[in-house]
Every structure is written in C-alpha cells, then in structure tokens.
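First comes one chain, alone, set out as structure tokens in the form predicted on its own.
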Amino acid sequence: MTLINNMVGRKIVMSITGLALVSFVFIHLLGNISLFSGPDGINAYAKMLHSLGPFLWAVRLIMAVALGLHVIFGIQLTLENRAARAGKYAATKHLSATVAGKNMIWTGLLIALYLGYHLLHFTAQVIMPEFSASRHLDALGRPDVFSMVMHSFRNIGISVAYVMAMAALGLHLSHGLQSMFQTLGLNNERTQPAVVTIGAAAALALFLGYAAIPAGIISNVIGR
C-alpha cells in the first residue's frame, strides 16, 4: 500500500500497468491481422483463444485490473498535477510538451469509452447481434468471427470511430512510453531523442496495423 500512497509510487504503478496494456494491445493486433488470411485465419485464431478456457479468463481479469488501476491513477495524478504544478518532480522537465502529452487524460478517456463499446460489440456481441459470431458458424462449425467483422467494418460510421480510437491510442502511447521511461529513471537529456523516436515508431506501427483492418475491408483487400 505504501507504493500507491505517494505520487511517485502511483506513477510506477501507471508505468507497469501501461506496459502490460501496451503488450496486450500489440499481441491482440497480431491476432487481428489474421483477418488478411481470410475466414480460416481469424476463425481458427478465435477458436484457439476460446479453447484456452480458464487461462483466457485469467488474462482478461488481469487486464481488467491493470486497466482499472491505470484509469483511476491516471485521473488522480492528472488532478494532483493540476492542483500543484509547482510540485512536479524535477525530472519532468525532460518530457516534451507535445499535443499528445497535453491531452493524455482525454485520449485515455476516449480509449476507455471506445473499449467499452468494442467489448459490447465483438466480445459480448450485443451490438449488431444479427451478425454475431456466436450465433453464426462457419463451414467447420466455428463461430464466424470473419463475417461478423466484415459486416461491422463495412459500416462507415463504425470504421471511422474505430480509426479515430486507434489514433487516440497511438497518441496516448507515444507520450505514455516517454512517461514510463521518465518514471523509471531511464529518460534524460541524452536518451530523450531515442525515447521520443521509439514512442513515435511504436505508436505509428500500432495505428497503421489496426487501421489497416477497416481500410482493407472497405477497399475489398480483405474478403476478395
């Protein structure tokens, strides 16, 4: 409990949970890219995930706890920083005052809101239930995730919202990685350029990877 009773401790928790969430997001992207290999790719991937049973639910629980801590401490730290800007620890001077850095709380809240919608749509499958994978099986008797995703992202509104959320995720990540290195004492004037480059590259890769999915569906690259 001592760790979370001071600002630096909460920043460490933010860094650890942020790293866990980013790792999950990249692993999730690798699975989603299987859409490009057609129905068999994503449907086989989805079946494999569900075959993990309790392990899958354990991962989901860990990610939910990490997300909850990240959101709660993120809001708390933002309020604390605004109330006592003069009390920021000295190393903060190395963080660049970018658009991403100034809007971390807003990009974070946007991501959280979209995540709620995304889970209702593709996990709980209560949005657009007429296309839900759990109610429609493919030729091999597997939940037809491919068709569900195809029908969903052919809706321009859903695709635009998805791309905007991924842009917010990219912005959040680009500054979040800098903050993580800063908190762990790995960011200074010498390493700052490399940290900025790594953060920007990771954010761009994440955005392009996820945005390629609705773009591929709308352009008929996926599902030919």
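Just count from 1 along the sequence shown to find any residue number. Everything quoted here is computed from the prediction, not taken from an experiment.
Not pictured, yet referred to below: the form predicted together with a small molecule.
Of these, 99 to 107, 134 to 142, 112 to 120, 69 to 77, which stretch puts a heavy atom within 4.5 angstroms of the small molecule in the predicted complex?
That would be 112 to 120.
Under a 4.5 angstroms heavy atom criterion, identify the one residue in Asn155, Ser37, Asn32, Gln192 near the small molecule in the predicted complex.
Only one listed residue qualifies here, and that residue is Asn32.
Only one of Val25, Ile12, Leu208, Leu19 has a non-hydrogen atom within 4.5 angstroms of the small molecule in the predicted complex; which is it?
That would be Val25.
Kindly indicate whether Leu177, Phe181 and Ala201 are, all three, within 4.5 angstroms of the small molecule in the predicted complex, using heavy atoms.
No, the whole trio is out of contact, none within 4.5 Å by any heavy atom.
Would Leu171 count as touching the small molecule in the predicted complex under a 4.5 Å heavy atom rule?
Leu171: no contact with the small molecule in the predicted complex.
Report whether the minimum heavy atom distance between Ala46 and the small molecule in the predicted complex is within 4.5 Å.
Looking in the predicted complex, residue contacts with the small molecule include Ala46, since a heavy atom lies within 4.5 Å.
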